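The chain below stands alone and is given as structure tokens, in the form predicted alone.
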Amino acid sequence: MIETLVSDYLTELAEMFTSPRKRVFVGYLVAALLIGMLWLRWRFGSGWLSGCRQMLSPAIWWSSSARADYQILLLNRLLMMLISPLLLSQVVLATLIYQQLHGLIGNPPLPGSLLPDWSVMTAFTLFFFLLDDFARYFLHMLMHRWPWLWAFHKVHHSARTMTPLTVLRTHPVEGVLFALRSVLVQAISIGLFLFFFGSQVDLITVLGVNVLVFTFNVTGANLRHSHVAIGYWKPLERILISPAQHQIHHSVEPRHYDKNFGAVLAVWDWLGGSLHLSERDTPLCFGLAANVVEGEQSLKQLYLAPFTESYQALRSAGRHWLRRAARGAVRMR
């Protein structure tokens, strides 16, 4: 039993770096390193060796913040192994959505029979990507706007130095919420398209990954959690989130608070009024506040404190709602 658990755990850890489906796949990390070095050479005239040293500096990769990233990664993998089997699967939910559509509409109209396979595959790939990216943006935005969720999400923002592994610096509660979000997105996409297009439904993939997600990952997605502030052409930053824009999202500057929630696309922030374009040559400080708090990178603080803060936020919101309800009842008399 224990041997199987250990074996499965080590396999999952290895897959994080060996599977192209994972954000920190070694191929994406190497691509990010090369892109970062090219940027530093073009933008600042850094040599190849100095650029590599800057990106792989021990001051970043072995800081107390980075060490907390590694500890969280190792512990979260174990926790999610135990929790994942208890979560609703996308197959069950997709089947339920399919059955509901069948009950509401009847037999599928089969428009797919009039369309070539490539067009259905293209539509499914694009729909899945857009729905997934919007869901990421929306849940991310809620985790900033709702205090009881912010208590958990702030674990991610407590990072003071950022490496590609910081993307995995999340509280288990946030991990469960994003896992459920992923299940919902997959179920809606699969159930909807299977109902209308049947066996024609398939993803356009590269190495088993949605071609659009693969393109995002291989073009420097991991530089978003780094100290290499690559900004895009300003009109492009209204469409795509640049690494520099996501770094602004992690800034302690009050003017940067609650900006750039998007993962890939910036259009959601543009439409929602939370878009902030990159600022050239502006030094940024990452974390929750400019001043370092003793013990802020300890596992006890990162894992346990959010439960207390979230409970207090919910209790405060409940009292506020009750007071408003009481005032409304008095006015109705």
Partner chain sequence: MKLKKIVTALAVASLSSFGAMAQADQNAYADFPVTVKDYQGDAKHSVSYGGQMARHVLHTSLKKLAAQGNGQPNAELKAKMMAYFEGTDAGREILSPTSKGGFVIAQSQVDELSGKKNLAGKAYKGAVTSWPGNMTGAEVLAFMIDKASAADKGYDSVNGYDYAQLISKFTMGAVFYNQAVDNYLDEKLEADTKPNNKAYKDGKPYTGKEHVWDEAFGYFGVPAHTLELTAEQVYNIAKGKEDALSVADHNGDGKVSLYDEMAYAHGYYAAATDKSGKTDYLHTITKAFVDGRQLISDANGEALTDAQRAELKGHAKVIAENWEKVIAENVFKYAGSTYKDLQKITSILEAGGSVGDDYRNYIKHWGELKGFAMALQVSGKDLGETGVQLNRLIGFGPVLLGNTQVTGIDAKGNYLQDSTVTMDEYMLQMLKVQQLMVDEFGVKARSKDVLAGMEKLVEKLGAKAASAEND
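Bear in mind the structure is a predicted one, so any value in this text is a computation, not a measurement. Numbering follows the first chain given and starts at 1.
Not pictured, yet referred to below: the form predicted together with its partner chain.
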Exercise for review: Just give me the single entry in 226, 158, 245, 170 that has a non-hydrogen atom within 4.5 angstroms of its partner chain in the model of the complex.
Suggested key: 170
Review point. Which listed residue (78, 131, 123, 201) meets the criterion of a heavy atom within 4.5 Å of its partner chain in the model of the complex?
Key: 201
**Study point:** Site test, 136, 175 and 186 vs its partner chain in the model of the complex, non-hydrogen atom cutoff 4.5 Å
**Key:** yes
**Study point:** Distance check, residue 90 to its partner chain in the model of the complex, heavy atom within 4.5 Å
**Key:** yes
Review point. Residue 309: heavy atom within 4.5 Å of its partner chain in the model of the complex?
Key: no
Review point. Quick one: does residue 95 come within 4.5 Å of its partner chain in the model of the complex, counting heavy atoms only?
Key: yes
Check your understanding: Does residue 181 reach its partner chain in the model of the complex, with heavy atoms at most 4.5 Å apart?
Key -> yes
